[in-house]
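Given as structure tokens, the chain that follows is alone and in the form predicted alone.
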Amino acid sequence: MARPRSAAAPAATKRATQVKSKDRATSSVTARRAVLKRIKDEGVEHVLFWFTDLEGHLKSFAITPNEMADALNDGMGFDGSSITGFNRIEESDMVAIPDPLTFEIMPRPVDDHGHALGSKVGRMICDVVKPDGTPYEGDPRYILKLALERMTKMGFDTFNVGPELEYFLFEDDKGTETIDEGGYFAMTVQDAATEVRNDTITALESVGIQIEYHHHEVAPSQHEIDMRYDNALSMADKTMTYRIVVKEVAAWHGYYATFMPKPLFGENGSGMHTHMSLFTGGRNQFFDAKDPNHLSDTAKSFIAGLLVHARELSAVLAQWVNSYKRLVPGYEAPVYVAWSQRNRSALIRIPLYKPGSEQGTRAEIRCPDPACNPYLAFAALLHAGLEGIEKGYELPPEMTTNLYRLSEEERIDQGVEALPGSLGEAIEAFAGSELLQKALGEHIFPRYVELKRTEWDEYRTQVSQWELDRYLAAL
């Protein structure tokens, strides 16, 4: 529950401001004034403050416009002990500091006459700090900022990310009754949700999210709306916004949207294929015109880092029990740790180079799912890639054969590892990772292990309907 502003917050803000450059401070003041002006000019009635818990669940509380001037300066206090993965009750006081650059007015449904319904609501994404103003080590957004600091120290200035989130639309949240039987790129006749997607895109663009294209996906009632790439911090913010907007627009139409990785047995699950590249001074550091694959040594070492640490990363990129129902052979999801240019059975794909598109050279990792925590996912991916660059990892040979058709013996002979087959296996690989312990820090790392081991234990001790159907009458 939100509480009044912390008395320590003004001092916290002052200390934080002192370490900023003069230009950044000026920019921040300008952004704050712009927020207050928009709230007044556009008649905003409430402002939501957003942040995420450890698992990526969106947390929110609202304040009135009269409180905004003070909140922009001082933040708002709240009880962190009630947030998954945050501090325990004896050290629970937290302060949410809104980032003025993230202010947007949330979309609203309209009636048959085109009139907007409901209150006009703004939202801001927050950084979480302690009462003394120091960054909170349990804030996933802060963890991503630390990863970006490491990147900057290594000479890069931008980590561009382009996630492709897939999701399902069902009749309601009580089951998995589909609303169409369309398949990949289905035409409007088969795709009952074209209008829902169109309204979703309008809503996403209204909150500053640029959309490249959208379409029906492979499974019945499965859809994809692709955002244009952006720097990692902005994209993590946009991903959280994307998920809530998709759900809200679906609800306006009387449907339920879910980012559950594998809701339908026997059908493809939902992935979040993620495209990545590093830039310095506006130039793509992944491109090399002289290389046969147009990949620089930087790109090769970055990709090698992802491959070397792929099993450790899995518990962050695919963090739920259900995630591993998707990561099985036969449903277009990657299972084997390899890279290729055109082979979509590999974990990492290099989209085909086109002359004149040097800036678009990138790596695409295909195992993340859209229910991950994007702040932790992008941070973990960046750390793994930077580790490869820093330590000079060598990229193994490209795999051009269909990995699903190789026998286990053939894969072993060729040195191709498999991703973990369950959350239990994934969290143990994660728990032994020095890289991810360093990436996520002393606060988040042990709590994450504890949370995920508990989830796995709860799942594996259940007696499922499958077991009853198979064994009850036979044994």
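Predicted model, so just to flag it, every value in this text is computed and none were measured. Quick note: we count residues from 1 along the sequence shown, nothing fancier.
Omitted here: the form predicted in complex with a small molecule. The next part is about that form.
A.B. asks: Are all three residues 224, 269 and 366 in contact with the small molecule in the model of the complex, where contact means a non-hydrogen atom within 4.5 Å?
C.D. replies: Looking in the model of the complex, the three residues 224, 269 and 366 all sit within 4.5 Å of the small molecule (heavy atoms).
A.B. asks: Heavy atoms within 4.5 Å of the small molecule in the model of the complex: which stretch among 205-213, 323-331, 148-156, 68-76?
C.D. replies: Within 4.5 Å of the partner lies stretch 323-331.
A.B. asks: Though the small molecule is not shown, can you say which of 123, 273, 197, 383 has a heavy atom within 4.5 Å of it in the model of the complex?
C.D. replies: The residue in contact is 273.
A.B. asks: Work out which of 237, 166, 387, 312 lies within 4.5 Å of the small molecule in the model of the complex, going by heavy atoms.
C.D. replies: So the residue touching the small molecule in the model of the complex, by this definition, is 166.
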